[in-house]
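First, one chain by itself: the form predicted on its own, in structure tokens.
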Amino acid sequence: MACGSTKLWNGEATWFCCGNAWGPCAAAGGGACGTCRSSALQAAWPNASKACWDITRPDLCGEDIPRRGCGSVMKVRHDCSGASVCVTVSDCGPRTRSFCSESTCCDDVCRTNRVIDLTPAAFSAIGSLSSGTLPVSIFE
């Protein structure tokens, strides 16, 4: 899987559970794409489809996030540590409209609005699960 270097978006990243039980997660569904696994380097994107957009509504937070469907590959970089992970879109989320104006900061870098959910495997590759949210830049 090749990760790109073209900036796509900035915002907050959180983590979520999907698929078989793994690490901190109980068994959950396979996500909107049917392939989601907490143990894999995967993500949920709020504009994975029209149906997804209708649920997440990032536009209500001023985010006009581009459509990237199931199987799209993105690089997610923690804006403070510089750590990055390559992920594949495997679900719809986060529900951005529920977290408008929420902000996460570190080292004078702040990002607003939850724009990507990472599986525990992907999130822990760039930060501690206990932090809950991270300021990130997303590339394709």
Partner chain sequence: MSAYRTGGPLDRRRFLTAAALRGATVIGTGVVGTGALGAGVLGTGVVGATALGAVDADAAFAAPIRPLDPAVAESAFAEGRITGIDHDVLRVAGSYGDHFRVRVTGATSVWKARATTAADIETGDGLYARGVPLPDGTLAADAVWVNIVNLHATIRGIEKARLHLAHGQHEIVGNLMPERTSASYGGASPTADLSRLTIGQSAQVLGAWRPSDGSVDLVRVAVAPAAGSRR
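If you superpose the two forms and keep the largest set of C-alpha atoms that fall within 1.5 Å, you have the rigid core. Positions refer to the first chain, counted from 1. Everything numeric in this text was worked out from a predicted model, so none of it was measured.
Another form exists, predicted together with the partner chain; not displayed. Remarks below refer to it.
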**Request:** Run the contact test on Ser5, Val73 and Val87 with a 4.5 Å heavy atom cut-off to the partner chain in the predicted complex and return yes or no.
**Result:** no
**Request:** Could you confirm whether Arg95 comes within 4.5 Å of the partner chain in the predicted complex, counting heavy atoms only?
**Result:** yes
**Message:** I'd like to know whether Arg68 contacts the partner chain in the predicted complex, with contact meaning heavy atoms within 4.5 angstroms.
**Reply:** no
**Asn47, heavy atom within 4.5 angstroms of the partner chain in the predicted complex** = no
**Glu102, heavy atom within 4.5 angstroms of the partner chain in the predicted complex** = yes
**Message:** With the partner chain taken in the predicted complex, which residues across 101-137 come within 4.5 angstroms through any non-hydrogen atom?
**Reply:** Ser101, Glu102, Ser103, Thr104, Cys105, Cys106, Asp107, Thr112, Arg114, Pro120, Ala121, Ser124, Ala125, Ile126, Gly127, Ser128, Leu129, Ser130, Ser131, Gly132, Thr133
**Message:** Superposing on the rigid core, I want to see if Ala51 changes position between this form and the one not shown - specifically a Cα shift of 2 Å or more.
**Reply:** no
**Asked** Against the rigid core, is the Cα displacement of Ala26 between this form and the one not shown at least 2 Å?
**Response** yes
